[in-house]
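One chain comes next, on its own, written out as structure tokens in the form predicted alone.
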Amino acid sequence: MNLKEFVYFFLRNKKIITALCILGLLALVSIFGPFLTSYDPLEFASAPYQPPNRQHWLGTNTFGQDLFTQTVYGLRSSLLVGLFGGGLATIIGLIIGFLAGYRGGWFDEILMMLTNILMVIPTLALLIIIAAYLPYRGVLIQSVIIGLTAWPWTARAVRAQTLSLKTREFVDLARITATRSSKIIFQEIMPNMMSYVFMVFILQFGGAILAATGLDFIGLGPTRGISLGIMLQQATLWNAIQLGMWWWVVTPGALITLVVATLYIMNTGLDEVFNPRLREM
């Protein structure tokens, strides 16, 4: 598929456009939302237990903290973890998968042995162990931890496709002309896998957000700051549901669900764009 054809079907796909609009709106809220509030996410803002009102659009929690402020800052943190953590996992998986599939031999065996070892280790347990021993955990550190543990399945899938593509005629022609291996991988093989690269990043993006939420919920999130997962953790610890403070739980939970569902819709739309059999006529 050439670029012109891709853009044509991309712009005609309603799922992709809808998903982009939702993600764009969430990104704008995370960027400009803090300018709409005068509070710090962790400061005492007003009386506790307040439901949504004119002064506090999403109410306050048990500590009198403004939940709108926490939500916009938390959304920013969660999206950054998805972007950096998912991006790092995608890059590592692509590099290892391409190298293992193209080079083959002992190089392939060593990389796949490392990949298989990481795949059989429970990812959540590994994340908990690493995060628990760090004296300081910020959004960037959390993203690196997630990125360094989430790449194996990407590497295996990319390796399998690379093994298939490297036997094609255009790759053989590039070898005959003494083209460097790196150039063959990134200029000949990778362009034929762009559909998979896009979809892998989207899946890693959503997976990183869910992994970060899991760490936050068990108390291993950022040591300072706020995220949607930390909001859920605090709401659970302080019995928000039992106290009838539904606004403390619903907002972060709904946003996490919305982001992950939107990414799934985008992934489905991209599959339709790249696969002619799935396109809506």
Partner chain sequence: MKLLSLVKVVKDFPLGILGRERIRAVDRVSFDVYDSAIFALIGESGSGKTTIGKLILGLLKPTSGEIIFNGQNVSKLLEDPEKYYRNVQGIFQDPFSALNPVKRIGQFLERPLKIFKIPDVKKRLKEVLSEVELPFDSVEKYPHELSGGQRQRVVIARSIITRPKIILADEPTSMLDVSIKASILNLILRLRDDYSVSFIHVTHDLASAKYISDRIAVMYAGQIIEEGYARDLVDDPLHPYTKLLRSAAPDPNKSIAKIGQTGEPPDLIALPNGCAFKPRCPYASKECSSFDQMIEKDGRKVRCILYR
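All values reported here derive from a predicted model rather than from experimental measurement. Numbering follows the first chain given and starts at 1. Rigid core: the largest C-alpha set superposing within 1.5 Å between the two forms.
One more form of this protein should be noted, the form predicted in complex with the partner chain, which is absent from this view; the next part is about it.
- With the partner omitted from this view, the residue of Ala178, Ala125, Met113, Val120 that lies near the partner chain in the predicted bound form is Ala178 [heavy atom within 4.5 Å].
- Only one of the listed residues (Leu134, Leu140, Leu163, Leu173) places a non-hydrogen atom within 4.5 angstroms of the partner chain in the predicted bound form, and that residue is Leu173.
- Taken together, the three residues Glu43, Gly214 and Gln234 lack any non-hydrogen atom within 4.5 angstroms of the partner chain in the predicted bound form.
- In summary, the region of this chain contacting the partner chain in the predicted bound form, judged by heavy atoms within 4.5 Å and restricted to 85-93, 197-205, 182-190, 70-78, corresponds to 182-190.
- Mapping the unseen interface onto this chain, Arg103 falls outside it, with no heavy atom inside 4.5 Å of the partner chain in the predicted bound form.
- Fitting the two forms on the rigid core leaves the C-alpha of Ala178 displaced by at least 2 angstroms between the shown form and the other one.
- In the core-superposed comparison between the shown form and the other one, Gln187 has its Cα shifted by at least 2 Å.
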